[in-house]
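In the block that follows, a single chain appears as structure tokens, in the form predicted alone.
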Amino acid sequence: MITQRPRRLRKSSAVLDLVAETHLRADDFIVPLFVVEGTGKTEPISSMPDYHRHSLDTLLQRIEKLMNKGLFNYVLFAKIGDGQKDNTGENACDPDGLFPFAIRKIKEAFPEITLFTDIALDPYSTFGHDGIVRDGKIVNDETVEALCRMSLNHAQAGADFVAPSDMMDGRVGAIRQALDRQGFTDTGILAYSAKYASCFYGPFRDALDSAPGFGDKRSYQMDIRNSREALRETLLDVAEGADMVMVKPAGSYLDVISKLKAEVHVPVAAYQVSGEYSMIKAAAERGWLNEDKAIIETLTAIKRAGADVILTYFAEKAMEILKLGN
């Protein structure tokens, strides 16, 4: 006679909800935002259906709409014009540039939100790399100096967290020291600690026009074949002062999320990246899968693996599907 019947805990939706181990909440999500120069712009991103770049005026409207739906956490990226790109990173440190100007205006309009800002040189680089290029190589220490200046620029503008996404060695400690020396002890660091040299970033690079102009990023982003290296990178970032750490991409690296969650004692974030977004959108458009179910299943898997925070382009849609917020 069967005495163990696990199906008793699956007998109804009410019971399933009662015993569910993983729940998605509005506070789990950070919404990526793309800002561009100009006014009145809402530009579609061809490789990211239903996602847009915004000029600051329409971006503020967009944030207000998202806040009304219960979303209060954002990460900001800037699309920089070709005329402002070089191989020095100087424009990334300009206090009057698009990025810090947008930070100031967003925080003035919505002081209650938490704003993370991308720290990397690729949007500002004529080479499309995350660092300064010398003789065909991405130089580490000179890049870190520029990243420190960029971080100070964002902190002065009002960023709550700077988020170095470059994967240069030692940059978290250097940024922490630079912020503290200037009195920005409350500005946090979300470190892209385990950022893999993934093929899933293509649509994002379209959004910012930041694809590498030569070679690839494997000399600084992580080898997709490694997981122990992710733990080493993350522990170094925590030791250097990271307040939060991140795995990127999320979907193909659930094992890494789980490993880091078990080993570190700071919040673990995971980025459901543009390629993951676009794959679901493309398959749904062709009728190959149910978009709503795919969104919730993938986000639940990321949280179940151990992510405390999820950066996702599906945040607004997930809120609607789950009937969260207002």
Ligand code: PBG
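Just count from 1 along the sequence shown to find any residue number. Small disclaimer: the values here were computed from a predicted structure and weren't measured.
Another form, the form predicted together with the ligand, is not on view; read the next lines as being about it.
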Next item on the list: With the ligand left out of view, choose which of 184, 201, 161, 72 has a non-hydrogen atom within 4.5 angstroms of it in the model of the complex.
Entry: 201
Notebook entry, point to check: Does every residue of 77, 120 and 205 put a non-hydrogen atom within 4.5 angstroms of the ligand in the model of the complex?
Noted result: yes
Next item on the list: Counting only non-hydrogen atoms, choose the one of 251-259, 120-128, 140-148, 231-239 that falls within 4.5 Å of the ligand in the model of the complex.
Entry: 120-128
Check: Could you tell me if residue 192 has a non-hydrogen atom within 4.5 Å of the ligand in the model of the complex?
Finding: yes
Checklist line | Heavy atom of residue 58 within 4.5 Å of the ligand in the model of the complex | finding: no
Checklist line | Residue contact check: residue 217 to the ligand in the model of the complex, 4.5 Å heavy atom | finding: yes
Next item on the list: Indicate whether residue 274 is a 4.5 Å heavy atom neighbour of the ligand in the model of the complex.
Entry: yes
Check: What residues in 151-172 sit within 4.5 Å of the ligand in the model of the complex, counting heavy atoms only?
Finding: 165
